[in-house]
Ligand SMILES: Nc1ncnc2c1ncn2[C@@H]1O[C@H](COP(=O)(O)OP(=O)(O)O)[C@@H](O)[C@H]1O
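In structure tokens, one chain follows: the form predicted alone.
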Amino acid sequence: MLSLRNLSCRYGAVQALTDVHLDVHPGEVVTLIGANGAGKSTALKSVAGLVHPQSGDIVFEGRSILRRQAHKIAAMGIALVPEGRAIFANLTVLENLEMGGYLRTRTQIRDGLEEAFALFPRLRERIRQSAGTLSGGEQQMLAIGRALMARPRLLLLDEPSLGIAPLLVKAIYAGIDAINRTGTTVLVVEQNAHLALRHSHRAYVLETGRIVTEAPSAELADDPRVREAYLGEG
């Protein structure tokens, strides 16, 4: 479904990604793990059209999207839940969700709302509440629900557990598992390697902008080098 081919990105004098190869197959949950500053978010932003790579290619469902604008990439079926959530704090929960369905018909929006509320019941309970008054975990649920309103075939998640209470992290990852079971493909960036490997099929390890390891998640979880470097074991 998605291929990053020899992708390199630079911010001024800083080389963020170097010759990155990454593949995501339909129906998978693939995770990208690595230390803070390894280039994980840059990879997602490149796919979403928010960062313009220096070289290489990004292919989605057989078509290059390298030079497409972000709103056109979204219309093709890719949705990004950014790090920090980026919800509209002054709008209600309902209004935030409706913003995610701006390309959809009224019927599709109505159906999407019901799906979001089934996935995260807390959102229904807070439907008229200003998004800025939600907890961090509830805002993350809202950001994911808003992305799903666009009916993406590929969902990009950037640090979905960051700064969130453990109880709500469990609910969020249960939601991600449920999203995948409906057939949505997921590429998730996650600094919490324990979570990432437990809730994905395959994983890539990114170090200083380069992919250094790729394997099934269960296999990487048992790799002594990964356990020492990213799981705090060794």
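Numbering starts at 1 and follows the sequence shown. Just so we're clear, the structure is a prediction, and the values are computed from it rather than from any experiment.
In what follows, reference is made to the form predicted in complex with the named molecule, a form of this protein that is not presented.
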- Item | Residue stretch of 166-174, 197-205, 54-62, 29-37 approaching the named molecule in the predicted complex, non-hydrogen atom distance within 4.5 Å | 29-37
- Query: For Thr42, is any heavy atom within 4.5 Å of the named molecule in the predicted complex, or not?
  - Reply: yes
- 4.5 Å heavy atom contact, Val20 to the named molecule in the predicted complex: no
- Message: Does any part of Ala16 reach within 4.5 Å of the named molecule in the predicted complex? Heavy atoms only, please.
- Response: yes
